[in-house]
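Given as structure tokens, the chain that follows is alone and in the form predicted alone.
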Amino acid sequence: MGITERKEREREEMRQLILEAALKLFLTNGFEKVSIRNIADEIEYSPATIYLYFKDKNELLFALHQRGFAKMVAEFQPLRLLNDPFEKLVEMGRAYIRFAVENPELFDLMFIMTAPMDKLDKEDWVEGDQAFGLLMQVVQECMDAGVFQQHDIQSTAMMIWSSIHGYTALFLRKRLGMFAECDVPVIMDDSFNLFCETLRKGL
């Protein structure tokens, strides 16, 4: 490995170290209460080091959102090869839940944490738009195939996403205490299947 390649690798490793520290502190203390100095202290470097990689805290938040949505969209991509549009939609729902369970901290920052969305540059937020765009595309395919009746595509996709999201957030936030812990996985799975069946029969 040459000097240039080694320096680039070291730079990327430092960037990821900073992002991991920022993610931990944002989730623990809240975005507004975390400073660049706090992040620098977490990785035992000076604040000046952070500024070599990110111009401010907002850029850090944006980078974490990008990473989270890019990872989630990557998990959706293989599902586009499925021929049956409703099967594709169901598997996207399963992939969304699986992503949340396997990446709870990223999911928390992306969707649950009281994150200052106004700090994000929405015009450049390609990954977030791409994720919802994939959902709308599959919903449109379900309508075209006669699985769903014709409805407003954005409203339909929003209804489906918010339902799956709410179900997932309740699980991650441990708001299912009304059920015996040993029953939760079965209830979660049954609820998801019932939701999908309801969609197929009634939308």
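Each form is matched to the other, and the largest set of C-alpha atoms that superpose within 1.5 Å is called the rigid core. None of these values were measured; they are calculated from a predicted model. Counting begins at 1, following the sequence as shown.
Although not depicted, the form predicted together with the DNA is the subject of the following passage.
Undergrad: Which residue, Ala70, Met136, Leu52, Leu170, has a heavy atom that falls within 4.5 Å of the DNA in the predicted bound form?
TA: Flagged contact: Leu52.
Undergrad: Of Ser163, Asn29, Gln154, Asn38, which one comes within 4.5 Å of the DNA in the predicted bound form, counting heavy atoms only?
TA: So the residue touching the DNA in the predicted bound form, by this definition, is Asn38.
Undergrad: 154-162, 54-62, 170-178, 139-147: which one contacts the DNA in the predicted bound form at 4.5 Å, heavy atom to heavy atom?
TA: Looking at the other structure, the answer is 54-62.
Undergrad: Is Met14 near the DNA? Define near as a heavy atom within 4.5 Å, in the predicted bound form.
TA: Flag for Met14 set to yes.
Undergrad: Report whether the minimum heavy atom distance between Gln66 and the DNA in the predicted bound form is within 4.5 Å.
TA: Close contact is absent here: in the predicted bound form, Gln66 is far from the DNA, nothing within 4.5 Å, heavy atoms only.
Undergrad: Would you check, heavy atoms only and a 4.5 Å threshold, whether Arg200 touches the DNA in the predicted bound form?
TA: Result no; Arg200 lies far from the DNA in the predicted bound form.
Undergrad: With the partner absent here, would Ile3, Lys7 and Ala48 each sit within 4.5 Å of the DNA in the predicted bound form, counting heavy atoms only?
TA: Answer is yes for this spot.
Undergrad: Using a superposition on the rigid core, decide whether the Cα position of Leu176 changes by 2 angstroms or more between this form and the one not shown.
TA: Where the cores coincide, Leu176 shows only a C-alpha shift between this form and the one not shown that is less than 2 Å.
Undergrad: Compare the position of the CA of Leu52 between this form and the one not shown after a rigid core fit and state whether the shift reaches 2 Å.
TA: Shift of 2 Å or more: yes.
Undergrad: Establish whether a shift of 2 Å or more occurs at the C-alpha of Glu8 between this form and the one not shown, with the two forms superposed on the rigid core.
TA: It does, since the Glu8 C-alpha is displaced 2 Å or more between this form and the one not shown after the core fit.
Undergrad: Relative to what's shown here, the Cα pair Pro104 and Val34 differs by 3 Å or more in the predicted bound form. Does it come closer or drift farther?
TA: So the answer is closer.
Undergrad: Please check whether, in the predicted bound form, the CA atoms of Leu17 and Asn103 lie closer or farther apart than here, given a change of 3 Å or more.
TA: Relative to the shown form, the pair is farther apart.
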